[in-house]
Ligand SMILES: Cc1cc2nc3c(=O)[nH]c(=O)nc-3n(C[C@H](O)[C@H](O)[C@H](O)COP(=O)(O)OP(=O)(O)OC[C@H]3O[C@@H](n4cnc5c(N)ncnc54)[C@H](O)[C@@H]3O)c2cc1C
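Here's a solo chain for you in structure tokens, the form predicted on its own.
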Amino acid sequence: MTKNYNVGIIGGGVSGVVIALEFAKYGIDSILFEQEKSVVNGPPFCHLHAGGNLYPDISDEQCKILMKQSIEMGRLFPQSIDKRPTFISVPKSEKYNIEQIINRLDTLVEYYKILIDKDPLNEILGTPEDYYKSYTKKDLITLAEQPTVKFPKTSDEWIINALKFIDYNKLKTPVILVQEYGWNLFRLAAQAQLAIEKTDKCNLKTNTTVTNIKDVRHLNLDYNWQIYTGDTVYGVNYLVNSSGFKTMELDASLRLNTKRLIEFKAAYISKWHPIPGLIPELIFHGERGTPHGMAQLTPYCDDFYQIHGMTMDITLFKEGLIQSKSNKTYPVFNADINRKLYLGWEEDDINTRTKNAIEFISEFMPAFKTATVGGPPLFGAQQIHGDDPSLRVGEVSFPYKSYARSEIIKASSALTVSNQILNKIEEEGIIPLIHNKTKYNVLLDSISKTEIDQMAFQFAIERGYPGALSRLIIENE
């Protein structure tokens, strides 16, 4: 037996690293196990869902939760936030009602004001009055005649640039520009790993597979769980399962059978010719899973663009959404998806799906037809607790004493889950009560932009992606 720890965290994704960092800032020692050589490997994220406007079908309540959680995470990792807005539209062929979207946005503006009243530092999305702006057909005709702005600052300037490429005659009006920002996973991963490496309160074990976990609570030892990694055993008082889509596998080893969905998705990297001015992220809403599913174009540096197309031949996959069954503890993907997850993609599949994605975007941006394959896909699988595939707000559950299961769906839920687990280990007496809790994390604040730049670039290259994907298109001050 090696050193014992207060907390053992299985999985170094967004949830795992945020839990480790939040515990470390309060002096709670932990050990964090990650199979890969660095943290936050997937599933990928690219968007700070500060309002949930990419999801017209979810409830207003989920949208408000996503806004609050996104603001909290944006404050924690400011050097990973790309402060460019998002263009929201509905093609004329689709069912969504623009007025309903605007009514929701008005609700979010009022909620944003409440968050700012509670804490003025929550105003990270601009002023509430500028959270969104809508544009009529007449507005679009007028703005389309205006010259390109290389580095847009106002909503109108962002729209002007977008209109140089968008066929807005295919869209319902008004269209909307909203302050939902980009979120760079390479930069978050870099800042998190650098901070963990600087603290003596978290032992980060990368390239490490947990092979077994034993419940020894009944043995009256000075720890509750044994974590096995090869020939090494670690004792921990509190166990956190943050294994992402493999969460159910760990549950199975503890004889827990839970109802879960797992979904595999991918986004595609394209390269386009240089354009004279920055454009916002572009969303063209459509019904998920149909040939007209949502199209999403996310700009990166050096003319790289990430594409989501919520259709079965782009982002979604045959048998890509699977559910636990009564005769199985956890669901298993088919051979094609498992090959992608564990062995990598075949070149033909990369080219075919990326070209499908480019063609999909070019329906609304004809000039984008000239884009080419820019790199391998960003991909991964995520769990969704319960049986509702439209759920977007994650949570945490506590199936056993001294055991927590992180069940985040969006990266923005990580801090909320961390705080819930912190409260639970206080309640169970694993640690003394913390009387002065703070939203700041001095460990993260100690990491410089230069350090983040260097490690984020390194992570992108090591994972096979263009280094440009590690940079922000709008440099933070």
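All values reported here derive from a predicted model rather than from experimental measurement. All residue numbers are counted from 1 along the displayed sequence.
Beyond the structure shown, there is the form predicted in complex with the ligand, which is absent from this document and is the topic of what follows.
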Within 4.5 Å, heavy atoms only, one stretch in 270-278, 235-243, 160-168, 116-124 touches the ligand in the model of the complex. Which? 235-243
Contacting member of E36, E428, D60, D445, with respect to the ligand in the model of the complex [4.5 Å, heavy atom]: E36
Residue within 4.5 Å of the ligand in the model of the complex by heavy atom, from T209, N220, T370, T136, is T209
In the model of the complex, does each of G51, I176 and F284 have a heavy atom within 4.5 Å of the ligand? no
I'd like to know if Y112 sits close to the ligand in the model of the complex, meaning any non-hydrogen atom pair within 4.5 angstroms. no
Heavy atom of L469 within 4.5 Å of the ligand in the model of the complex: no
Although the partner isn't part of this model, could you tell me whether H47 comes within 4.5 Å of the ligand in the model of the complex, counting any heavy atom of the residue? yes
With a cut-off of 4.5 Å between heavy atoms, is L21 one of the residues that contacts the ligand in the model of the complex? no
Looking at the ligand in the model of the complex, which residues in 14-28 have at least one heavy atom within 4.5 Å of it? V14, S15, G16
